[in-house]
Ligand SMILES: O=C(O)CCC(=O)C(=O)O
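Single chain ahead, written as structure tokens, the form predicted alone.
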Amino acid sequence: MRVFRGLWADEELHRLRTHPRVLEFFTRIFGEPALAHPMFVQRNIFPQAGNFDFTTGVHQDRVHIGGATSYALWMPLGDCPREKGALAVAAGSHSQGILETKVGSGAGGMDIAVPIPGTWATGGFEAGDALIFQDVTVHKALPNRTNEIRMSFDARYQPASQPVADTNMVPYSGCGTWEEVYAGWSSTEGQYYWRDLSLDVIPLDRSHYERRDAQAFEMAERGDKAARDAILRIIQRDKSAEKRARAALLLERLD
């Protein structure tokens, strides 16, 4: 996390995702000014080894991003052949809407609970390549079978006139305030760019997480260790002290 916080605050990385050519590209798609979500994810995927599999599982972004329809721009930092953990999408899955989820070890402690629609498509990426897809497109990463860390980032974009969830307006969890993020930058240009826009910021729809938590508690009460990842997420991130305490007791039982 110490390494990650420094990488997430990197000035060049932030300026890459808000580069004028990137914003112009999405503006052409939307037919109106594009908003780059202030929050994005920089990822460092370790090689798969033994029982440690850091691969990002099958998921859709909408349940985690909320707000209006958004588009992800996934870009590897450097070359990323398939064996290094390239991203794969289920082509056609974006037409199926939000799929039912269940407790699991995937993004947000959830797995998709129904058969995956569409046909899996992937390939190798070179530095400068990017993959763009809608927030209900089912996607996953391939395992990193090299001896190097796969570095990438995924930023998200939407029409600036449409609602954006409040969780997309703050720095990544654990990375401090925007003031702390910007403290090491060489220039103030482009900082707080979203303040110049008249945005409709709304609360994140947490119904998917609430269902996940209820399922996880029920599973953990039965001693089902498949609930462990979701229970850990409740302990680490939930705002309710009561839920965190209950999750901590259940984690002790599971372990």
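What you see is a predicted model, and the numbers here were worked out from it, not measured in a lab. Residue numbers run from 1 along the displayed sequence.
Below, we turn to the form predicted together with the named molecule, even though it does not appear here.
**Q** Would you classify residue 157 as touching the named molecule in the model of the complex, given a 4.5 Å non-hydrogen atom cut-off?
**A** Because no heavy atom of residue 157 falls inside 4.5 Å of the named molecule in the model of the complex, the answer is no.
**Q** So, in the model of the complex, is residue 56 in contact with the named molecule at a 4.5 angstroms heavy atom limit?
**A** Yes - in the model of the complex, heavy atoms of residue 56 and the named molecule come within 4.5 Å of each other.
**Q** Given that the partner is absent here, does residue 152 sit within 4.5 Å of the named molecule in the model of the complex, heavy atoms only?
**A** Answer yes; at least one heavy atom of residue 152 falls within 4.5 Å of the named molecule in the model of the complex.
**Q** Does any heavy atom of residue 141 come within 4.5 Å of a heavy atom of the named molecule in the model of the complex?
**A** Residue 141: contacts the named molecule in the model of the complex.
**Q** Check each of 37, 43, 228, 208 and return the one that places a heavy atom within 4.5 angstroms of the named molecule in the model of the complex.
**A** Contact check passes for 43.
**Q** Just one of 77, 181, 87, 99 has a heavy atom within 4.5 angstroms of the named molecule in the model of the complex, so which one?
**A** By the 4.5 Å heavy-atom cutoff, the listed residue in contact is 87.
**Q** Of these, 117-125, 144-152, 90-98, 161-169, which stretch puts a heavy atom within 4.5 angstroms of the named molecule in the model of the complex?
**A** Result for this chain: 144-152.
**Q** Mind listing which residues of 217-255 have a heavy atom within 4.5 Å of the named molecule in the model of the complex?
**A** Residues within 4.5 Å: none.
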